[in-house]
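One chain follows as structure tokens, the form predicted on its own.
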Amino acid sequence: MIDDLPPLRAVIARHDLRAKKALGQNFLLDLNLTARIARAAGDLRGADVLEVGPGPGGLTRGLLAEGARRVLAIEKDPRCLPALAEIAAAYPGRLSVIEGDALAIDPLAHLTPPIKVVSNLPYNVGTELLVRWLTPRDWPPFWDSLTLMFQREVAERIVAKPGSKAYGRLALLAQWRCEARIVLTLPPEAFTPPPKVSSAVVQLTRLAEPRFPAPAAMLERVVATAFNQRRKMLRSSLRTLDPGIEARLTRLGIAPTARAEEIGLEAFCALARDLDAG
């Protein structure tokens, strides 16, 4: 055991916390695994941690046991609040819980830097939250690192390289301004109820500056446009951005007949700069 609190199965039974599919819930009950995820986030001492979707609090307990200065947990499901309150009582002054939708809550009023985000994200909002965290108005963002669990397919899209089917918008957004790597893979049977797919934990560590200069809004637009029609050649898929796109691509050394998944981050950034310049 990582603390003196009851096993998670006992907590779930006592509070009748059956996972709800509508909330994207799959509970991770093995406290050894939740402790491994907490350790994957690096040294938590001296850091505030944001956790979205704590559920009955398995990962929450791991984060606190690993020495997080303070954990802010955002939980949409009111059934989980009594279980989280018990954890807060066991770790006085170190756990704050906000009931609500993480997509509608600004956590910054409740956190003090340095801040790490560590979450077993609900499947139905995970990708949207990640994109928001990767595309703030100003860089560097409020967080130093993101250690997040996703369906394995989503995790592979985040770390994908050019030429692979998984490579796309998510890989480019993540790798433009972060180091991204998969640090842990978990089978379906690690969860209650077991999902249909494996899961993986991705760690994203922010870079002080983007790998290559590019205007963020234009880069997002170029990447989204290119991958919305990923089977088309760039001279076709990007024509809505510039009727003269073929000549522009040629001038930049990008093959107009190439498809989006063949183009690396540096080339996309060069194209975004060129389009932004007019």
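Please read all numbers here as calculations on a predicted model, not as lab measurements. We number the residues from 1 along the sequence you see.
There is another form of the same protein, the form predicted in complex with a small molecule; it is not shown, and what comes next is about it.
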query: Residue 62: touches the small molecule in the model of the complex, heavy atom cutoff 4.5 angstroms; finding: no
query: Residue contact check: residue 77 to the small molecule in the model of the complex, 4.5 Å heavy atom; finding: yes
query: Contact label in the model of the complex: residue 160 to the small molecule, heavy atom within 4.5 Å; finding: no
query: 4.5 angstroms heavy atom contact with the small molecule in the model of the complex for residue 101; finding: yes
query: Candidate from 249, 68, 52, 226 lying within 4.5 Å of the small molecule in the model of the complex - any heavy atom; finding: 52
query: Listed residue that, although the small molecule is not shown, lies within 4.5 Å of it in the model of the complex (heavy atoms), from 114, 122, 141, 168; finding: 122
query: Option from 200-208, 131-139, 101-109, 172-180 whose residues, in the model of the complex, bring a heavy atom within 4.5 Å of the small molecule; finding: 101-109
